Each structure stands twice: as structure tokens, then as C-alpha cells.
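This document opens with one chain alone, in C-alpha cells, the form predicted on its own.
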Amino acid sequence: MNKKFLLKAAALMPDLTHQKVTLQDNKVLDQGESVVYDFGDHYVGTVTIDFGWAGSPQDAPALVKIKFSEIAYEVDEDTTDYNGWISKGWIQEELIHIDALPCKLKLKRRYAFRYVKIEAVALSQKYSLIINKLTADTVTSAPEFVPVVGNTPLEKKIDKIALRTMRECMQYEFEDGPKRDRRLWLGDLRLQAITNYCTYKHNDLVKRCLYLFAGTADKNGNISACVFTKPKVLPDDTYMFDYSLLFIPTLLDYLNATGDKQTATELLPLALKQLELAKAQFDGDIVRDSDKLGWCFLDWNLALNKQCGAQAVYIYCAKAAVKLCERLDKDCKAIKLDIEAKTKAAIDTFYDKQKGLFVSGADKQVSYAANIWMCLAHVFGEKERAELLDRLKYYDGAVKLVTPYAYHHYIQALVECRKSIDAHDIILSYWGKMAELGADTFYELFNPENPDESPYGSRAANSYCHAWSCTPSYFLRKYF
């Protein structure tokens, strides 16, 4: 742990903006009855419920179940038999005894929600439960609301939802999701940061997050995929090939957006260290394949082979390192030679000339993720990349994308080879479909062909407000 870096992160701790949202009611519930409250939009914060009673004096505790839901389907979903591999502890349900009524029940936990369901599980025959009002104390570290942009009603709707998604995830750091996992992930940070630079412009929050990652690197310089900040700052013991490397372009984007050479210079050695550490996973100039879940992320499609995509991410990040060094007047000749070698090896090993596409792993898998990252790494020129993406679009059997994170990179690859119409169509069809289904914020995972899909074994564990899905606000401002 680098105490100097962590002190800098602590000095950049933001203040939270609080807003009270109150729903008045005088709903009377008898045992077994329930009521659902709709706050009208997605919120993050704590909730206080003002309970009363009617009838005879309270002769037994009131047993009340309170459920918080981000989207409508969650409200009545039975989670009793939940068996997903993500902890059931993330499901936002509380079972509480109230010994004395009336009572102002202030729930200490922070929730992410639009809907609140209250059920009178057990009372007695002598009294009824009254719900007088609910008050949400909502929190964010985002500045004032950003004006919505868009040339059409659908664009404006998508931008509004994306901005809301971003805002809800801006807390004491950029969280990946306010429902789950509620911590700082590097892949999410990179996309939140570029969106922040053209929307909320809370650049000190990005700087704080960079120092949190830098301050929690291990003794060898390995940067963790995510960082916990409560009850104290700790790195997770999850290390991912692509996420560690993405610290480099995240730092470059910060430098380009802010001109803060002091921070970039201070963090440059650690950024370059990620390239050195990543080389340990290569045999010669080709990255080793691995069947270990999570060794490299790219996307949440569990069928995806990661080898080719990992090679492309390395080349992409090495090129970002060159740009960083050039901006800071540092020598980068060795990195340029390494890029040449890794690029040649990538083309020789992974490019299938007959298909005109990159393949991955022993089974020569064709996937969107691998080919998109090879395009982002600019292993071919602009014309060749455009033709490759055309072939990919019509290749039957290519492993598809399932997360807004992966779709972001697809759109970026398209706009970089002047296929802006295709890129724009994907924004409208992919994020627009979530908007059509009633999203107030954009989801962690969304497969249009299977909206109920979950990588966790149950959609009850899915996050419906997730940081990496906020980038339509970036694309609409920068390109459209």
C-alpha cells in the first residue's frame, strides 16, 4: 500500500449532495397485505418509513418485510429459492420486527431503487399497520444536472437515462453499481471517466480513483481489478489481465482531459509497470490462453475465449503507453519495438485469411469481442478494419456481445473507421431497447435476444444501474 498515494486520494474525498424525496400516504395494512410505492425514478440513498397503528393497542410486534427494487419485475419476484453464485446478501430485502408503534423506522443501509414494497407479514388480530409516509434521503457526488442532448426524442431519452445512470454511480468514488457491487472497478472507471469529461466534469473524482488504484497496488506493482473503500481502503484479490492494463489508457484519457501533467508523471511508472507484469503471461510474443474464469474480462459471455482479445488489449494499452510517454517527454523506443513484435505475432497467429477475421483459442473461435479489440488496437489500417467489421457483422456463428461494456467498444471501433451510421444505429437499437422496456437507468447486462439473461445464475442478482452502460452520453456528445 502506497500511503502517499492514498493520502492524495483521501484529500480528494468529495462531498455528497443530499435530496429528500417524500411520498405521503395513510395506507392501512392488515396481516398478509402489502403495498408497492413508486418513487417515479431511480434513486440511491437511505429510507425512513413513518409507521402508525389503528385499532386496539399493539399487543404483538409487527413483523414487516421491506423490498427495494430497481425495476418493476423485481417487485414481486420470489427470491426464496435464489441459488445464484453471487451472494444472496445483495438482494435488497429486509425482515424487521417493530416492537412499538408509532415508529419512524430509519433503515441504515443504502439502497438503489425506484420501487419499495412493504408487506405486513405478521401483526395480530387486534390492530392494523398504518404507513404514513416514506422519505428517501438520496445521495450523489455529481454536480448539478447536465442538460440533455439529442437530435430526436429517442436520443434525448437515451441520453437522459445514461446521465441518470452515471449520476447514481457517482458516490465517494465511481461505483460500478449502487445496488451491486458498490465498489470501484477499473474497467468501469475508464468508461465513466471519458463520459464524465464531457458531462459532469467532476475530474477530481477521476483523480481520486486513479490514486486509489495506485495506492493499493501490491509490492510488485500489480493493480487490482477493483478496490474496496469501506471500512478502509483495500485492494480486492482479483487481478485481471485486461483491467490492470487499462490503467494506462485511463491515465492517458485523464491527462488529455485535464492537462494535469503532475499527476500523469507521478503515476506513469506504475502505468508502465502493468506492461512489464503482463509480459509474464506471454510465451514469446503470444499471450497464453487460460480457462480460468475472470483472468481476462472483455465481456460477460461465458462462451467467450479470451486469448485473442487479451493480445489485442495488450497492444491497445501499449500504444496508449507510447502516447503517455510522448506527452511527458519520456523515452518509449522499447515499447514501440514491443508493439511491432506483438502486432506481427497477433496477425500471424490469430488472423484467419480465409475468413478475413481473427480467431481465438485452440478451437479457432470467432467472436465479436476479439475482432473489435483487434480493430481498437489498430493492427490494420482504417480501410481494412472497416472491411473486417463488415465481414464480422455477417459471419454466422460469431460469439456475440452481452454487456453495454462490450457494446461500447464495438461502437468505438465503428466510429474509428468512419462507420458512424452503423455505430449510431447500435446506440438506438441496443440502449433504445432498454429504454423501450422502461429503464430509468441502464443495466449491467442486456442481451436483446434474451432480456432475462444473467451470468450469475439468476437475474435477481443483476444490477439495473451500472456504470459501464453510461457511455451513450459520451458518444452522443463526441460523435453525433
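So that there is no doubt, residue numbering starts at 1 and follows the sequence shown. As the structure is a computational prediction, the values presented were derived from the model and not from experiment.
Although not depicted, the form predicted together with ligand RAM is the subject of the following passage.
For the three residues L251, W373 and H409, a heavy atom within 4.5 Å of ligand RAM turns up in the model of the complex in no case.
Of the candidates M240, V287, V116, A217, M240 is the one whose heavy atoms come within 4.5 Å of ligand RAM in the model of the complex; the others do not. Shown without its partner, this chain lists R164, R385, R208, R180 as candidates; in the model of the complex, only R180 has a non-hydrogen atom within 4.5 angstroms of ligand RAM. Heavy atoms within 4.5 Å of ligand RAM in the model of the complex map, among the stretches 295-303, 356-364, 333-341, 122-130, onto 295-303 alone. Contact check for D188: a non-hydrogen atom falls within 4.5 Å of ligand RAM in the model of the complex.
Ligand RAM in the model of the complex is not approached by D440, whose heavy atoms all lie more than 4.5 angstroms from it. Although the partner is absent here, E173 is not a contact residue: none of its heavy atoms lies within 4.5 angstroms of ligand RAM in the model of the complex. Along 445-477, these residues reach a heavy atom to within 4.5 Å of ligand RAM in the model of the complex: Y456, H466, W468.
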